[in-house]
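Below, in structure tokens: the form predicted alone, a single chain.
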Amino acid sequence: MWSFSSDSPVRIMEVCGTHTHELFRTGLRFSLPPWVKLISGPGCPVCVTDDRDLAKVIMMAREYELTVLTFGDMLKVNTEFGSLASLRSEGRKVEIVYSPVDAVTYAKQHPDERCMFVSVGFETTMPSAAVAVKEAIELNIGNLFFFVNHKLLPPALDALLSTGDMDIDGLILPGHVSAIIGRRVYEPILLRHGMPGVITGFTKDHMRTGINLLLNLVVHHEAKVLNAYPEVVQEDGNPQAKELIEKYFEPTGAHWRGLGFIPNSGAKLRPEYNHLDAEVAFPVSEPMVHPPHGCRCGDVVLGTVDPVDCPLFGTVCTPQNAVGPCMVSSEGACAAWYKYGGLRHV
């Protein structure tokens, strides 16, 4: 039973793409009172990957005849330079892997191929990427290179809230990322912006509890960061995972779809591992790219529009013929709205 009332909508952003999908799948999104408005945020790593980075991967694969190792969600993301799927249609090797360590195994089994693993994701997947780097070094695998395109969530949240254009009353913070980085890291950012946030898990009960706690904070104007997922998330995160990340990666500036360039919001290999860095080994010129005409994926990532506000949604752009990555990715907001009937409930 919801215990609040309001004359105007309370606007809550679920940062994590998994939350977006689970709020639809469990039906919780449709059971909320009409004065609670949910907004999807930049919590899908494929969706926030900038076109220029994927274009660079495609250029490198073509110019240097590389075997591209990637997660399945990246395959159909389109750029002006094509997609990884179009590379396949050209006869080039693009292999799907299910973890970074799988990339090490593939390279070891195919020593005659120069392999490039496209390492994407937030802090959640960075420890496993670090393990893959560690194994590549220990096994002396000389034919595997890493295109590191990881994103760091706290700087992106700071940039998002600093735009001054965001009409948001509170944040549902991601459980998976927070399991690595902890609760405390959000405090200085959210407090500076006067924004309450609640970390929660992914079951219906987890999310209901998290939303209730967040509504309490919003109604009482309390800019706190609460942890409603203490069985998984610690104050300062997972020390072993953070140690692995810090050993092999360092922060760098990164381009985000919708948010632009954000200092220290990405990761790159530390200088001592440059021999494994695909961008060092296979340099290409910086590509000039433009988003697909009419696609509003960048605005969806920002939370300034709902997917149904995009003129391509559900007509030109469908999961079978996706124009933007928000419809391609299993964590994308457009994919969630399309799959679970968001169009019928707005």
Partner chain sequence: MKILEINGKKAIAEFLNVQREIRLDAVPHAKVGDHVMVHAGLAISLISSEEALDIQNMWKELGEDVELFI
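Positions refer to the first chain, counted from 1. If you're wondering where the values come from, they're calculated on a predicted model, not measured in any experiment.
What comes next is about the form predicted together with the partner chain, which is not displayed.
Per the 4.5 Å heavy atom criterion, the partner chain in the predicted complex is contacted by stretch 134-142, the sole one of 268-276, 85-93, 134-142, 215-223. R11 falls outside the set of residues with a heavy atom inside 4.5 Å of the partner chain in the predicted complex.
Taking non-hydrogen atoms only, L157 never approaches the partner chain to within 4.5 angstroms in the predicted complex.
When contacts are judged by a 4.5 Å heavy atom cut-off, G182 does not count as touching the partner chain in the predicted complex. Residue contact with the partner chain in the predicted complex: Y229 places a heavy atom within 4.5 Å of it. F202 is the sole member of F202, F147, W256, F249 with a non-hydrogen atom within 4.5 Å of the partner chain in the predicted complex.
In the predicted complex, T124, T125, P127, S128, V131, K134, E135 are the residues of 113-136 with at least one heavy atom within 4.5 Å of the partner chain, listed from first to last.
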